[in-house]
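Quick heads-up: it's one chain on its own, the form predicted on its own, in structure tokens.
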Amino acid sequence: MRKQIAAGLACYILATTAQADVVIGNPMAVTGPIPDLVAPMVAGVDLAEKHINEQGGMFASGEKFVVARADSQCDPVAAVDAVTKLINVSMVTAIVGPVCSGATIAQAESVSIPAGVVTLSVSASSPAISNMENGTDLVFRSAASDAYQGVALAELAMSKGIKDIAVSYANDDYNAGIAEVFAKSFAAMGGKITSNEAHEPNKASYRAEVATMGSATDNLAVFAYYGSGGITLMRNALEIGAFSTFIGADGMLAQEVIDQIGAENLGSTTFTTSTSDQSSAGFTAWKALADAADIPAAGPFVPNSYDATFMMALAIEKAGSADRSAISGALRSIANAPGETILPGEFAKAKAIIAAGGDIHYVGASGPQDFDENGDVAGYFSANVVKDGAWEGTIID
């Protein structure tokens, strides 16, 4: 009788193990300074999860692909706590996220790298991420580094005839990083940086700061998150007439900026962001899927969020198991050429090719996702201005 019970228990354990969910962690900043930007990114992650499970799930046994979400709050301390729980309690195979650079760096250095767990960020763009791992090959990202965006923004400023500019940046990894690249690039192109000052987030007023910086130029490069000081700083600058022209990057690209400051006051404002080549096959396939799900296909980092989730599932499928140690190599294998092209939504096609022993090359919603030696990808950037009460972007050549 005992032997029968033991045998039955063993069969039960084997059966449940074979049908166990494949779980990845997704520490998104659903609260914090940029919730309006993050909400459609979350929807992109969820849509990828849906497509994967609708097309047979994981492996030949059809195990469910599950996204375990946590709130990184765009904050280093919160990100460390969130990822610690995902890795040690939820026992996730890999991490897709976080959103913000400071959160990504903090959790990677403190948690995911020591645990040997791959991180694939959906939008962290600080140049510091490229060289933070010391060769461990455990941090990747589906959005281009600000080492490129800062240069593109400097070129854009020069093309607009801006010859001198003040720089104000929030004192965090992302904003400090892109501000540094921008300032160096602008100066190298012959522009004059009249002042280059950090500001602390979440202050009630920045009147003193903008009054001082505005004494030498009418142009301000503002690098901040809109929900933790960026809007206040711009409003204060306009109220006292310190600046008339503003440029900046992703952290300020939100409808809330228009709603609070007024479209009529933003006629000389341009913000850049990572974007997609909308004429590509990958974006065309993605747009059809996003439109059907009522998700903004071209929203900031929304395509990147879908791509990161879809690629992580493809990598796990390629590895043949949820073994954490196999993910890094498998991720490069499915993302980098050569291989048969896989577009967004084509999970069943990819599974069949992998099962037959073939190679795949994912060409995503945000473009080709070929990782370099640092886990970085190339990308496109757009210049966004206010038109008819909303942000409208065009790709920067």
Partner chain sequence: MWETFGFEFVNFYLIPGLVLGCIYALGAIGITLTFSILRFANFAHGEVMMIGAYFTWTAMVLSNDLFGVPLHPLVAAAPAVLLAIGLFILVDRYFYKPFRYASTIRVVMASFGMMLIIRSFVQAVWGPNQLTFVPGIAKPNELVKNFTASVDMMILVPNKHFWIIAGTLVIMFALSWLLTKTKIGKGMRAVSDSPELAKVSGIDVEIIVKATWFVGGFCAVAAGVFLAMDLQMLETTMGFRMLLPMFAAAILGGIGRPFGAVIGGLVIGLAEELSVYPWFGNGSLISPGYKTGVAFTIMVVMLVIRPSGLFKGRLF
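Residue numbers count along the first chain shown, from 1. Here the structure is a predicted model, which means the values were calculated and not measured.
Omitted from view is the form predicted together with its partner chain, to which the following refers.
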| property | result |
| --- | --- |
| P35, heavy atom within 4.5 angstroms of its partner chain in the predicted complex | yes |
| T232 within 4.5 Å of its partner chain in the predicted complex, heavy atoms | yes |
| P76, heavy atom within 4.5 angstroms of its partner chain in the predicted complex | no |
| Its partner chain contact at Y226 in the predicted complex, heavy atom, 4.5 Å | yes |
| Which of 81-89, 176-184, 94-102, 202-210 lines the interface with its partner chain in the predicted complex (heavy atom within 4.5 Å) | 202-210 |
| Contact residue in the predicted complex, chosen from D164, D291, E239, D323 - any heavy atom within 4.5 Å of its partner chain | E239 |
| Proximity to its partner chain in the predicted complex, single hit among A147, M132, M158, I261 (heavy atom within 4.5 Å) | I261 |
